[in-house]
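Next comes just one chain, in structure tokens: the form predicted on its own.
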Amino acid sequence: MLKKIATGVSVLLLATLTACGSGGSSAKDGDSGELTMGFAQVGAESGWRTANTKSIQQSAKTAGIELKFSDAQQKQENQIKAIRSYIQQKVDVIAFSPVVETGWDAVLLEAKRARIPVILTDRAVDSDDDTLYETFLGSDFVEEGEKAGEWLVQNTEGPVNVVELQGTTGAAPAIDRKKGFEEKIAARPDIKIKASQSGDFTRSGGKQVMEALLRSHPDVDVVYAHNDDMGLGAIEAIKAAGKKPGKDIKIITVDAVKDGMQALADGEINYIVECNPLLGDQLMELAKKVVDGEKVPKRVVTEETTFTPEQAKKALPDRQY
């Protein structure tokens, strides 16, 4: 559980930063009443991440928080460099969404010694020391996997051959979405995961992996993709192979971004588990409380739902991301 909590801490840190760019003085220095947040984003690998970044930037501006923002391009070393830069700049709070779960203790200890609180957002860290971060803000990835598995159990008859498009190797959502899914389908021994491979949460990765899996497993019945973008890439590969996505091969994804929801409404995806990227407002609230010394929950989980094709058609007109 401590590992998942860590992810939420990053999100809270994000809230303290407002504008992108070089920052002004820190509120701690007494030169300004403005709060300064340093936020180290994973990258821009998917529609979900783009919406998450936009939410953080807009919410920081609205909250009057100066945001120092960095894009790690999905590389842990870039995030560590950014966090160390924020420590040197003496920001008031640091928030980040960890690329992977492990390898953060040293830099987080540096932040702790500098008395700069850290908030994890969206993804967790794997650490035995939960004092290295204040809180985690984000989703319950295990529950997301469970929802996907439960739908498969209830809406198919065996035998069922599944291929799994995993997220970035070592990332919390990839680990937990796999775990939750496997726990649920265990009730159906006739559901078999024939292959599981990382598409790195990208559309191009999903397409390339699916092309290879269709060659090695032409009897696949279901694709379980850890995010919409990989599922959308899989749709391209399935069509190129002369099969109909959503019919010949059922597809389950996680996220519920607009492109995924449109594919769901069109019948090319069969079921989507929501993962809400709009964490900005909650992050900024948490950041202000943490900097003020208020007690906050160690884990703040967002409320999310699921979508069928019919529900997607109704939700699309008002979809924010």
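Everything numeric here is computed off the predicted structure, so don't read it as measured data. So that there is no doubt, residue numbering starts at 1 and follows the sequence shown.
Below, we turn to the form predicted together with ligand AHR, even though it does not appear here.
- Heavy atoms of W104 never reach within 4.5 Å of ligand AHR in the predicted bound form, leaving it off the interface.
- Looking at S46, you'd find a heavy atom of it within 4.5 angstroms of ligand AHR in the predicted bound form.
- Of the heavy atoms in F141, some are within 4.5 Å of ligand AHR in the predicted bound form.
- In the predicted bound form, D255 approaches ligand AHR with a heavy atom inside 4.5 Å.
- The listed set G231, P173, G149, G199 contains one residue whose heavy atoms approach ligand AHR in the predicted bound form to within 4.5 Å, identified as P173.
- Contact with ligand AHR in the predicted bound form, defined as any heavy atom within 4.5 Å, is confined among 205-213, 120-128, 187-195, 150-158 to 120-128.
- Using a 4.5 Å cut-off on any heavy atom, none of the residues of 298-313 reaches ligand AHR in the predicted bound form.
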